[in-house]
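Take a look at this single chain, the form predicted alone, given in structure tokens.
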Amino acid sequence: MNLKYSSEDTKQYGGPTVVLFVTRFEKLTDNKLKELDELSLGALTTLLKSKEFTGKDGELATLYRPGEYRADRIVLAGLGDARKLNADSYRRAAGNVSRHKSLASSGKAAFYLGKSQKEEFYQAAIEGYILGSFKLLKFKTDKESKDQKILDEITFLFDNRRLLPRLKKAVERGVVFAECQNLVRTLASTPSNHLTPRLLANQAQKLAKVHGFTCKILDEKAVAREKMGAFLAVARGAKEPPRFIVLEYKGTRAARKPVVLVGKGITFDTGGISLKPGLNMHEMKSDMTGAAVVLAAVVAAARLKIPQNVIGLMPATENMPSATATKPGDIVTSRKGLTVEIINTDAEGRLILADALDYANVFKPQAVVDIATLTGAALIVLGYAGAPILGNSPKLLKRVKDSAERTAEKVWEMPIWDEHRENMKSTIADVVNSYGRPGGTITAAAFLENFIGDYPWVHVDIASVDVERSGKPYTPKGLTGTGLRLLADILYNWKAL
């Protein structure tokens, strides 16, 4: 997509479509809208009286060939109440615009965001457009496989030319955030026969080569040498061999300690011997979303040239039932040396994360954030609205919450109490991998806490926000890629703790 910037008046834009982002109104007071109403012979007044368009969140309207406008059409995109206006208002509105039929054949369009000078609004608008227009067409064979319906060029119109450097930087950042989130969606939507652990590792190597960071792959023998017994316990039942993927982006001097991101990479999860119900099991191809988020976050850091050192750890395996699979009641030894009694083989994500969190100590990190589709209990805690977060560092937890506020990827902090830690103790081993349903999201984090080193740590459970069931303005039905903007924003705004 070609991006342009201009301080010319909206009437002078010569492309097919101008999109005006409009807050909710009860009468025409904005000079730009009053002028448009006059030039369209009262079309806006008519829309207002009929309540077809009032600037309400989600509303769209199209005016054709208003006098003195060079564009063929003006698309009005509702932002909602001006008193509640924020970056996500623009993200939602642009998401709605991305699927509007008026733009399908335009090829080019101009976006006018009003008199706002806030760069986060410009970033959000391009994010919303790119995210809202996402489609996975790789496996389509009919004419729809070529039906992209996305603009080739967007021109951002603004009133003050002095703002250009800041606004341009914000838009370009938004493009990277959105394209990387769509990378997560693509990987998470890919069927497991097309994205085995080895194929995921190949993808990581290709992306590393393109974007200038390193990718080291530990095969099953290397994993065994690292004594990752918890990780290997999950991989035992699968014919496909596991891979432990290590990404390294160097954005500053080597002496600076890195931020380490850890992502769960179960490329297909049957539950193992503790077999899941067959209904909706096909969705378990996306149990590697955490790993995809980590991979895409490192890509974002490299594309934006973020001045930080970043490590990405992606333990990748299938969790399958077979004659060689780990059984409930087995005891395995983790990389840290702690023994784990496996109560439930479907609590496998925390096992692979346990060895990855211990491996993070190799890099002497200044902080570690892990992200995973970890517990069904996350849905009970917050529904589909947001992700629970837990950790050992109030400062790092606040960083995550601040980024959540900026990106509209909602999180909510939960505690880990001593009672939860007691729940995870075994009578015959050091710890159990599952306490069952009560407080499931918290007890999972209490388990992980046993394997962290002496570093600030936050765990993000995206199990209830990784799939959109019906479709929202910038989130089409399917895999959401949630967590990418959160981690990318954390890295972009990183300061030493």
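Residue numbers run from 1 along the displayed sequence. Remember, predicted model here, so these are calculated numbers, not experimental data.
The next section is about a form of this same protein that is not shown, the form predicted together with a small molecule.
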### Message
Is it the case in the predicted bound form that 284, 376 and 434 each bring at least one heavy atom within 4.5 Å of the small molecule?
### Response
yes
### The unique member of 370, 269, 88, 409 whose heavy atoms fall within 4.5 Å of the small molecule in the predicted bound form
269
### Task
Consider the chain as shown here, without its partner, and state which of 71, 310, 347, 126 has a heavy atom within 4.5 Å of the small molecule in the predicted bound form.
347
### Summary
Counting only non-hydrogen atoms, the one stretch of 90-98, 160-168, 241-249, 348-356 within 4.5 angstroms of the small molecule in the predicted bound form is 348-356
### Message
Please determine whether residue 463 contacts the small molecule in the predicted bound form, using a 4.5 Å cut-off between heavy atoms.
### Response
yes
### Query
Quick one: does residue 276 come within 4.5 Å of the small molecule in the predicted bound form, counting heavy atoms only?
yes
